[in-house]
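Here's a solo chain for you in structure tokens, the form predicted alone.
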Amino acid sequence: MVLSERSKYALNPIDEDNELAERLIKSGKKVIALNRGDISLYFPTPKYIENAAIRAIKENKTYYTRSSGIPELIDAVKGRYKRMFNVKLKEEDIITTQGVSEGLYFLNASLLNPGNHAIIFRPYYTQYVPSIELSEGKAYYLDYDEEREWDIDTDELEDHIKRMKEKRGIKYIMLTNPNNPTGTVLKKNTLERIVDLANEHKLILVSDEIYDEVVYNKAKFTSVAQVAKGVPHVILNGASKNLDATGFRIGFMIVPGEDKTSMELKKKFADFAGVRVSVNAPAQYAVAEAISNTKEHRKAIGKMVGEIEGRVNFAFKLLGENPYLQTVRPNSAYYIFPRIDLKSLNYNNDREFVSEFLREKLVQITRGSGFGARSHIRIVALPAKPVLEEAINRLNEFCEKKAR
């Protein structure tokens, strides 16, 4: 066999129906794509960020940079966390990555030996589990509580940590806050309880906070960095969502702690950054400007989040007319994650539902089981309202037909 055994884990369910969608498009059909959350397709990257990238290229800033990131970007990230969360960071606390995806690789390659576990809550972002498995670790699954608007049952978490820590070699707890795919925001008291548990059981806490400014419906976001109380923690963030710059592929890992574990993590993440040499130089300069120019950023993010709020709430209301879907209202990001009544619709699983919906109604969405939550679908609510209305009307008609 030519391929490695672990290569089988390199899969992305978001793209699995792309071949079918492309065949339909080539046959002359028009497909509405609601599967990929690429914000820059719907909201052009702000001009001041584009101009900063162009300026960097014209100034010949196209060389290898310092592997941990250019000083201007590191300073911008430090300023952001002080300004937004009153968290004081040092230069060595921040490592620039090629998006959160590379940060996940650094994290798991640094921490996991074969058989070690990470606690992952379902539904999860699709890249978490492949990244763990490619590092020969294993995911230990717990569930967000859908009946409590996708909150975490911290008593259940404590019970599982006590029962499984010694047997499974649990290294860290992963949080996604704000959440993809559910669009929910964890409450501050939930985060505080998780921090207490991580401290008590000497576990590292990892928080993916890539949507921390895409929050609406009067929800309030709390960063783990604000409540960590000394627990070793890693924050994953970047430019893709808050700065509307998905293709720039700029992320950052933040390790604020001074304890022994945190110091080891900072050193090892920096080592991995050195192995891959550097991140795209012009994009780093552009993102440094994007974060530092607070006046332009506030203008751009305010307009964008206001529009996303309107689109998500509009789509959520239309989905509420479908008796075969049960949906928790999102308050962040731009996804809606309904539960499907598969039995009433005569389907065995959500994969069948999603593929047949694409074939019959020419709308591409993603199966919830790809995020670890069976009997769900993820809908990207980024297109303009007329497109969303057309797509959801097709979904409602499709369900009505299948239930007969």
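These numbers were taken from a predicted model, which means no experiment stands behind them. Position 1 is the first residue in the sequence shown; the rest follow in order.
Same protein, other form: the form predicted in complex with a small molecule, not shown, and the subject of what follows.
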**Request:** Using heavy atoms only and a 4.5 Å cut-off, determine which of Ile235, Val100, Ile194, Leu265 is in contact with the small molecule in the predicted bound form.
**Result:** Val100
**Request:** Work out which of Asn242, Gln284, Ser131, Thr176 lies within 4.5 Å of the small molecule in the predicted bound form, going by heavy atoms.
**Result:** Thr176
**Complete:** Answer among 271-279, 152-160, 121-129, 319-327 for heavy atoms within 4.5 Å of the small molecule in the predicted bound form: the stretch 121-129
**Request:** Look at the candidate spot formed by Tyr211, Arg249 and Tyr335 and say whether the small molecule comes within 4.5 Å of a heavy atom in all three of them in the predicted bound form.
**Result:** yes
**Asked** Is there a heavy atom of Asn180 no more than 4.5 Å from a heavy atom of the small molecule in the predicted bound form?
**Response** yes
